[in-house]
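Same protein, same chain, two forms; see structure 1 and structure 2 below, as structure tokens.
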Structure 1
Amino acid sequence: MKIVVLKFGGTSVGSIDKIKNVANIIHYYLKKKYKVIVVSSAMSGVTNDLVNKSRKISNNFCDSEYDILVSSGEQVACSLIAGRLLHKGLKSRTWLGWQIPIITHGPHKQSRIIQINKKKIMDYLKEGGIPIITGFQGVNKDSRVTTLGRGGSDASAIMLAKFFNAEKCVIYTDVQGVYTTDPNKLSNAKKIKEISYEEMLEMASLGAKVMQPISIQDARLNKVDIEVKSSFVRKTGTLITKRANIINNKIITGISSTQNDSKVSLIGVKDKPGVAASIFRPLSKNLINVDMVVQNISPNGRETDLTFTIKSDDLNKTKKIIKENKSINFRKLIFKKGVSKISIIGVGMITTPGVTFRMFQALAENRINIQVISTSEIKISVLIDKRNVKKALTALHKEFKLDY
């Protein structure tokens, strides 16, 4: 049985006309002799509206009731898709997570799929039916509805593709695929034909909004290839797959940039074991995400300068926490807003010498000063002034031949 899993995001099902278009896409795959499993998000804006309602009801809305509430959005979208397919003379029905069932484990609001009962869906496919499955949800061992957190509908599609051994898993969204950089920031950005799980994971973690990192990790761990494409334009998208499947002569695959970052520097910290933990522990407890971290030890080994980045929204809270932290001593505290992180990503840099030099040289030639540097096996990130982001993207895009 040739199975394809099609997942439609909120923008793809955001109106009645868009849902009619989704039904046409599904019909196209049927004509190609696929057995089609459909996964849908809620219509765009619906989940946010439900969350806002929960906040108006209570400042501490119960997590299990939250899952019941927000999972209803997917039910509406799926019913409308099934209704349109029935209108076209096709056999279809909605399946909620608990009806299959899709078994999850973990806390409410962020559960993970551990098992999918295949029998009912397989029987329905054999009968010529098109199951429209609510994304973002499942059921736990206590028979309570659970949700999967941000990107949950993508996770649903990926796990369905795994359990049903689908030939394809296609994520339909409002963009044509993954780009070398944000096309809203750089008009020269090009659509990437193929990208590895690792590269996509880095790009998503660094701000690319095509998919959530946790869904990409699910695909990587379960060896599920994903095609990301637009539901509004009939063009090929971007294939996310393992490195071995990619023939690529590019050293760098993509460039990401962040916005709304701030830099925090503690100068002259009395150096002793556990000092870094003392600084970051209270930030962690207050849900402040720390990103780039650089530490410099003084020549006498008694002091250290520690620099890290956070989101600017957390700056005032961070100031207060550090100033009230009696377990650390330092001579000076410096905060700087208006900085951005620029990252080049590519598995090609593993075997290619000189990538770091080329990045730094390209920025230097454009008079862009580097404030902080961090690296991983397939990523180099630098912190620069926010006003230089477009100039940096343009220079690096050209340097690593991503313009063509």
Structure 2
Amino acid sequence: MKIVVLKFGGTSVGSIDKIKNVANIIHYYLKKKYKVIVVSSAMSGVTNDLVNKSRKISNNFCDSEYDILVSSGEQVACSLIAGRLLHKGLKSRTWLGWQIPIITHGPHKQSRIIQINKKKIMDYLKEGGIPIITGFQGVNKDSRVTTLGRGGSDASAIMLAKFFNAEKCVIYTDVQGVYTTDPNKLSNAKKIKEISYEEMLEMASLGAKVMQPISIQDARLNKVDIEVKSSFVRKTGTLITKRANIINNKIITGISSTQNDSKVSLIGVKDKPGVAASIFRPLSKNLINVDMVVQNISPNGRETDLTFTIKSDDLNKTKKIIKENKSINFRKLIFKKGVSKISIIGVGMITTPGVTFRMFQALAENRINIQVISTSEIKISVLIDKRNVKKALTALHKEFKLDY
């Protein structure tokens, strides 16, 4: 059986006309003799709206109820797609995560798919049906509905492709593929033909919203190739696959940037073992994600300065936790909102010397001050003032010859 998994993101199902268009895309694959499994996200804006409602009800909204609430948007979109296919005379129905079931483990709001029961969907495909499956949701061993983290329909599609051994997994979205940088931020951005899982994972984790980072981990572990393309224009998209399949002569494959970051500096912290752990332990307990961390060399061996970044949404909570932390001493606490992390990503930097220098020089020529630096084997990240993001993207895009 030749199976294709088609995933439609929020903007692709964002209106009645767009849903009619989705039905036409599905029809196209049927005509090509594919058995089609469809995964849909909620109509654009719906999940955000539900999250906001939960916040208005309580600033401590229960996690399991949150999952029930925010997963409901997918049900609406799926039934509209199935309804349109039925209208066209095709056999289709909606399947909610628990009806299959799609089994997850891990905490609410960030569960992972571990098993998908194939039987009912296989039977349905054999009968000529088109299953429209709610993305983003599953069910755990206690029969509670779970969700897979924001953007989690990507993971639903990838795991369905794995369990059903699909020939193709196509992620339909509102841009034509994965670009060298967000095409909505830089008009010069170019579509990437092929990108490795490792690079895509870095790009996504460092801010490229086009794919959910965890879904790329799932794809890499399960060797699922992904095609990302537009649901609005018929053009070849981007293939996400293993490194060995790719020929790329560029040193840098892409550039990502983050929004809404804040910087926290503790000045004059005691320089002794265990201090960093005392600072970060309560943050971690409160699920505050600490990103870049730098500690200055202590000039006198007694005191040091420690800087780290967090999401601005967590800033007030972080301030409170640090001020109430009796196990640490410092002279001064500085918070700065409005910083952004810019990262260049590419496996080419492993074998090419001088990439760091070129990045720093390009930023210096544009009078962009670097506040924090962090690196890994295939990425270099710098923290800069948010005002300079566009300027930095433009400069780096040009420096690493991504403009053409």
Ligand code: ADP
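The structure displayed is predicted, hence computed values, not measured ones. Structure 1 provides the reference sequence; residues are numbered from 1 along it. Rigid core (definition): largest C-alpha set, two forms, superposition within 1.5 Å.
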Just flag whichever of structures 1 and 2 is the form predicted in complex with ligand ADP.
-> 2
Large Cα move at Phe335 between structure 1 and structure 2, threshold 2 Å, rigid core | yes
Superposing on the rigid core, do we see a C-alpha displacement of 2 Å or more at Thr309 between structure 1 and structure 2?
-> yes
Core-superposed comparison between structure 1 and structure 2, Leu69 Cα displacement 2 Å or beyond = no
Superposed on the core, the Cα displacement of Asn188 between structure 1 and structure 2 in Å comes to 3.0
